[in-house]
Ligand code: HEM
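Next comes just one chain, in structure tokens: the form predicted alone.
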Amino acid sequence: MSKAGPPKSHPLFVRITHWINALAMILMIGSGWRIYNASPLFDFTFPREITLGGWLGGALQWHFAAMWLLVINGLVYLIYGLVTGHLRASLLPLSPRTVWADTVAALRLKLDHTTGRYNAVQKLLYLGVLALGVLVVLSGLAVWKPVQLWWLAALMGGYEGARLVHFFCMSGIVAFVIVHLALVFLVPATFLPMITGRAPAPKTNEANE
């Protein structure tokens, strides 16, 4: 009797959009740091070695190219998620009670993990980063076209306010990426399924096979 293969985890469409999004974010973060260095908001700059573009004009070109990639990919993923029910199935239901319970379990290192299924903390983080993604795009548009989109910039406190919103939203996304990579490092079994689309095969008692 043949053995069944590992259970399916992430659909192909989700995996493709995930990696496109990862590439777009790397390009946007690196070029964004270079743009920030040209006119810092705070009393620090990012090391040139971790920025992208070489100079302000080059960084802007990278940033805008990655922005369109991120927006188009994000819209495609959002439409797919809503039409197929993927977003609802993956990120809902969610309640303060389950978030608190899973947070306590995580702090005690007793939080169970099933590949392809998100616990309440993960659901909250993913919903949060989706919201940050929307805000970072809107604030970026307000910074890019503050005259044409004056009403959008006004909602954020003007041009400088939009810059601050953009900076803090991007900082939140960077923090999410760091936490995401740390979790992948701590639970490496979550990495391969995002490439193959299949969860690790459950362990069985060989004596009963």
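One-based numbering along the sequence shown. Not measured: the values here are computed from a predicted model.
One more form of this protein exists, namely the form predicted in complex with the ligand; it is left out here, but the text below deals with it.
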Check all three, A106, V121 and L183, heavy atom within 4.5 Å of the ligand in the predicted complex:
no
Within 4.5 Å of the ligand in the predicted complex by heavy atoms, the stretch out of 77 to 85, 90 to 98, 134 to 142, 121 to 129 is 134 to 142
Please check if W150 has a heavy atom lying within 4.5 Å of any heavy atom of the ligand in the predicted complex.
no
M25 versus the ligand, in the predicted complex: is there a non-hydrogen atom within 4.5 Å?
yes
Is there a heavy atom of L41 no more than 4.5 Å from a heavy atom of the ligand in the predicted complex?
yes
May I ask you to check whether I173 falls inside a 4.5 Å heavy atom distance of the ligand in the predicted complex?
yes
Note that the ligand is not shown here; using its position in the predicted complex, name the residues of 51 to 83 with a heavy atom within 4.5 Å of it, in sequence order.
H63, F64, M67, L70, V71
